[in-house]
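Let us start with two forms of the same protein chain, each given on its own as structure tokens and named structure 1 and structure 2.
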Structure 1
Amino acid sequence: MSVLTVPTGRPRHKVRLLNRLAWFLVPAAPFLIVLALWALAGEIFKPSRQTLPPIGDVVAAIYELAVSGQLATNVAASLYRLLLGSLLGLVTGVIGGFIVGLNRKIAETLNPVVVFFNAISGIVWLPLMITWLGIGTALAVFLIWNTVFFIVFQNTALGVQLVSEVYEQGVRSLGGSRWETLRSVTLPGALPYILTGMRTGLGFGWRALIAAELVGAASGLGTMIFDAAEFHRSDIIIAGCLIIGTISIAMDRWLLLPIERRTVQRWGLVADAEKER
């Protein structure tokens, strides 16, 4: 757009440049405001280090955690669980979603059970699963699987049901086998829904993981902040929260969004992914 418009005067051009700069910088504003308020609160109320540590303490805590290798260990433990649980959830959810999506009878029969178990998916299983699986990776993986599964399952079933029958009939009448139809029509047709399910599922899964790690694990980011609470190390808690948020954003931005966008572009379908401005 800026290439096409001929700058008519210097001031105007300057304003546009300024606007662009503002547009680019503006996402940082809320973070800066929070930092300013935080610093201000520290100056005015002079809270104890346990209540509200100074910003410097939190930065130091992050540095300390990173240097000592604690951070890497805990992040790796959390991500490993998330990966395992989500992969299981994705695979079982897609398979289940296909079976249900392709068969109306099964879908109708199973629906009430799915709705109910979806309502208690995730953290609600924690007490029962601690008794059955004990504290550790299996527990966290189960909770993530349980969370991701239902979201992916329901989205896949919906996507499969929404694929227009005309396309399937088209491929079949051209001699495509049942398998061929599934692979080249139903799967790509349902893919945007599967990916939306995956994205939402990972959001819920990440929460379930942190909650599970608070009580049900010996390592991981949740354990890290929960242990810090015992020693009233607020700096580590806040550092942990910042890291948890950053990882979550990074996963969404650099992993899920690109995959989603690519598939949506590839098959020319519009999912309700956010519009780029």
Structure 2
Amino acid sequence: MSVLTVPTGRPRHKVRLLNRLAWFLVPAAPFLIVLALWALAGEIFKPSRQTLPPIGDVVAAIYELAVSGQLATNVAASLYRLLLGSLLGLVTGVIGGFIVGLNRKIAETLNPVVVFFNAISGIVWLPLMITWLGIGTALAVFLIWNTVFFIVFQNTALGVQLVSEVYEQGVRSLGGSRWETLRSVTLPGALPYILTGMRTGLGFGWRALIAAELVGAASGLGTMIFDAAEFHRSDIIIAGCLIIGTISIAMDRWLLLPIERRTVQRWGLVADAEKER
């Protein structure tokens, strides 16, 4: 008597392929809806090109900027400022937050100060910094650092404080040193909060960067948008906004998110779902 075997699931490679395809397509659905509404609004309300340019005009503006070399120049200038300010903010925020988080009394003492300066971080400093630093790269770097630092600092300090003392005591009872406790318990426990702070901080860093460039800079995406506003080029303004959002999404999904997943999996905090299948 022969036994008929019925497949109970799809092959692993097909499942992985579908998962990767969904990872690309599902987030794109809201943007496709916005594009459809944009095109529909243009057909129904017939707004002027200065109010709401057609999608084709925006695509043509991006092509024009790319061919002329302005797009590459402005993107490179903005990314350079973002890199400098974000690196300073991430490094100082992680180190400062980690050190403060190790001492709960110091953390409680500094918390009101951090909350105060976090409330006025970013573009609130813009008028004063223009007087101190002038208009240029230094202004943008400070605003980005000031924005990223406090977000990363707060998340890092919170993550360190939330690590259970039971695990630390367990390592010490086994003869582990203070350094071993910090490396094997405190840092992995705080890592999800640190990485979340990094991703959030970079998002706000973009806002500070564009605000600084809008005030005045020789080049950059913010400068490009501001110059286009003077000539009522709504197509370039919208193109600049789309480019900023696209770069931000690309950095988050293809740089920050993979780093977060691999780092957290490296410390054994999250299991790899694909390997378990």
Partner chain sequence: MSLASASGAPGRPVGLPSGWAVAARQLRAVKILFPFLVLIAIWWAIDAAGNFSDRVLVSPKRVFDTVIMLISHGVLAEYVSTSLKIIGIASFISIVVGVPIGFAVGANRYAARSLEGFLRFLQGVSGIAWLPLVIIWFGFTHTTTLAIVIYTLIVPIIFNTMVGARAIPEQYELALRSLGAGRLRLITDVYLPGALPSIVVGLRLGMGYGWRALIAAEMLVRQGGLGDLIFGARTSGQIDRIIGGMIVIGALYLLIDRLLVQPIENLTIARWGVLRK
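Just so it is clear, the model here is predicted, and its values are computed rather than measured. Residues are numbered by position in structure 1's sequence, first residue being 1. The term rigid core refers to the most C-alpha atoms you can superpose between the two forms while keeping them within 1.5 Å.
Note that the form predicted together with the partner chain is the one shown as structure 1, not structure 2. Positional change of Gly189 between the two structures reaches 2 Å or more at the C-alpha, relative to the superposed core. The Cα shift for Gly176 between the two structures, taken after rigid core superposition, is 2 angstroms or larger. After superposition on the rigid core, the Cα of Phe117 moves by less than 2 Å between the two structures.
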